[in-house]
Each structure stands twice: as C-alpha cells, then as structure tokens.
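The chain that follows stands alone, in the form predicted alone, written as structure tokens.
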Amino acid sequence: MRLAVTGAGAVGRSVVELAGEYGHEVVAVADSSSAVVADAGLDPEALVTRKAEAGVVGDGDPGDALAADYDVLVEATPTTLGDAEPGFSHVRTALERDRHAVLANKGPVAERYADLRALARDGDGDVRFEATVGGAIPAISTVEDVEPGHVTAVRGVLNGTANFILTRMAAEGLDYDHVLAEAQDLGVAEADPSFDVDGTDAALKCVILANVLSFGAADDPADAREFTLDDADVEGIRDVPGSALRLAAEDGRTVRLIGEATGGTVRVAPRLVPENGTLAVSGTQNIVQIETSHAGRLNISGLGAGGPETASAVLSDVGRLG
C-alpha cells in the first residue's frame, strides 16, 4: 500500500519508519505547516532527520500530501474535540477521493462517528481506527471478530498516565500531587496532565468502543445510537487520596481508573478492584476486558501508548485493508 501520513509527531514518525517492515511505502507526509511528496517513496531517515533539525518535513503545503497519489491516508494529527478538526477534514478528503483512511487520532471517531461512517458508505474507501483505543492492544479488531452484537460490554484500564500515578500511590503510600510531579519528571505525564488524569482520554476511548458496539449491532445505521464525549459520565483521579489506597490494600484491593462501554452507556471513574485481579495492571500498562454472550470474558493487555506501539496498530489496520 502507498501511504500518505498527516501528523509528524511520535506516531506519525513511527509509521514512516516502520512502514517498510510491513510491506508498505510512504509517499507523502504533512505536519501542521509543511509537506513532502515523493511518488517513488520517501526516505524515512531523511524525513525524520529534517523534522528534528528544521522543525518541518518539507517545503510543500500541507494540502499537497492530501492531494498525493496514495492508497491509504494515515491520520495522526493531535486529537481535538468538538468538530474534530482538522483531522475530520483530512479523512473526508481521502474518502471523497475513494481512498482508505486509518486513524490514530481519536477526535473524528469519538466526536463524529456517524459522519465518518456515512462518508465511507458513500464511496469506495474504508475507515479503520484500531490505534485510537489502547495503542498496541487489538481491542477493536477483537470486538469485530467476536461481532459487536455478541459483546455486552467492554471495560478496562485505558490510560497509562493515570495508571502509573495510581500504581505509585499504592506502592509507595504517596499522595496524588507527589506522584504527579514524579510522573512529570519522568515524562510519563504532560506538563498539563488534565487530559489524562481527569479521565478525558479514557472516556474518548470508551466512546469509540460504544460507537463500535452500537453501530456494529444495528441492522440499519440509522437505528444506531451515536455517542460523543458529552454522553460519557466521567470522573478522574485528582481527588483520590493516598489514604483510600492504603485502606483498600488492607482489604486486598486497589484503585484503578476504569472505563466501561456498552451499547447504551459510557462511564469512567476510579474503582476498587482486587489487588491481584486482572484489572490491577501496573505502571503504564493497559488492559481491555470484553464481555461476550457466548465466549465469556476476554482479556487483552499490553502497552497502550508510545510511537512504535501505536504505529504497529496503524500498520496492522493498513494490512487489513489490503
């Protein structure tokens, strides 16, 4: 497959670097202010070096990448809420050209899912978005394999930053503010950690899963309920005291930020879980539990973030389109 990549952050750069190992070539890349197009395929090392040294990927306009001759657009710009721009427009351009689109950007899938599906139905391109939920964890493809109509709920630990903080609080008996500062020093938490610690990131992932369940189970897309972030009941971890974790440990339990999606609800909140239970993954690990009608409970765990990890999910989706 010939790939065009919008977004040159950690995920976009990793897609460029790893595409060849998966049998694909990158012919165009755009960042927020520039683009480079090469019909014969780009040199990944040269592109990554230029981005690092000059701050841009090329001399062209970002729109040049969208107009290039590619089979699949990889949308890896930062997640935005509300109208999900510019990611949504990037994907729309690809689908209107009868190209495929693979997203690492959660915004269009969480905020404008019905619009994406309608665009795909109207053309010859398809939309895939494994990388939007759980990084390297194949959560969405597993739900699809089981079939959404046979999945009653999906839950799990879906944010590595929040999980790192809660793990350290429990292990060291420390309070939230102390561990947050440590996580920021280590680069695990952003300078503004709100997206992670307030539960927004986990909620977006659960919204995406709820849409997959709702639309996947509906005989007619018009009958499916569309979810957005506004439909999620969200509580973060800022107010979890260290004492709560200490008390939980005395009872053989711990606290994790758990997200849950069904065909009708989306919830994210700190919850007590067994200390040695499946949901008590540690550090930046993620886990997804899929409750099924006939196959019981399926558990999938792994790295939920990171450039190469998320790029592996993107490139797996590209392979499914082939």
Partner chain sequence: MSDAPDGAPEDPEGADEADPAVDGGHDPGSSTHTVRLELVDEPGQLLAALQPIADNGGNLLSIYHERGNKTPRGRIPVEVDFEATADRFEVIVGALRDEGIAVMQAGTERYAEELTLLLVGHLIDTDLSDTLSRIEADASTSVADVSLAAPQGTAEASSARLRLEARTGETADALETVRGIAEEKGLRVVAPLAGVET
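Residue numbers count along the first chain shown, from 1. A quick note: this is a predicted structure, and the numbers were derived from the prediction, not measured.
Just so it is clear, the following notes concern the form predicted in complex with its partner chain, a form of the same protein that is not shown.
Novice: Applying a 4.5 Å heavy atom distance criterion, does residue 217 contact its partner chain in the predicted bound form?
Specialist: Residue-level check for residue 217: no, no contact with its partner chain.
Novice: Examine residue 66 and determine whether its closest non-hydrogen atom to its partner chain in the predicted bound form is within 4.5 angstroms.
Specialist: It does not: once its partner chain is placed as it appears in the predicted bound form, residue 66 has no heavy atom within 4.5 Å of it.
Novice: When the contact criterion is heavy atoms within 4.5 Å, does residue 295 count as touching its partner chain in the predicted bound form?
Specialist: So residue 295 does not count as contacting its partner chain.
Novice: Is there any non-hydrogen atom of residue 260 lying within 4.5 Å of its partner chain in the predicted bound form?
Specialist: Yes.
Novice: With the partner removed from view, which of 183 to 191, 241 to 249, 111 to 119, 208 to 216 is the stretch that lies within 4.5 Å of its partner chain in the predicted bound form, judged by heavy atom distances?
Specialist: Of the options, only 241 to 249 has residues within 4.5 Å of the partner.
Novice: Within 4.5 Å, heavy atoms only, which of 160, 135, 107, 236 is in contact with its partner chain in the predicted bound form?
Specialist: It is 236.
Novice: May I ask you to choose, among 279, 27, 56, 48, the residue with a heavy atom within 4.5 Å of its partner chain in the predicted bound form?
Specialist: Residue within 4.5 Å of the partner: 279.
Novice: Within 30 to 47, which residues have a heavy atom closer than or equal to 4.5 Å from its partner chain in the predicted bound form?
Specialist: Nothing in this stretch is in contact.
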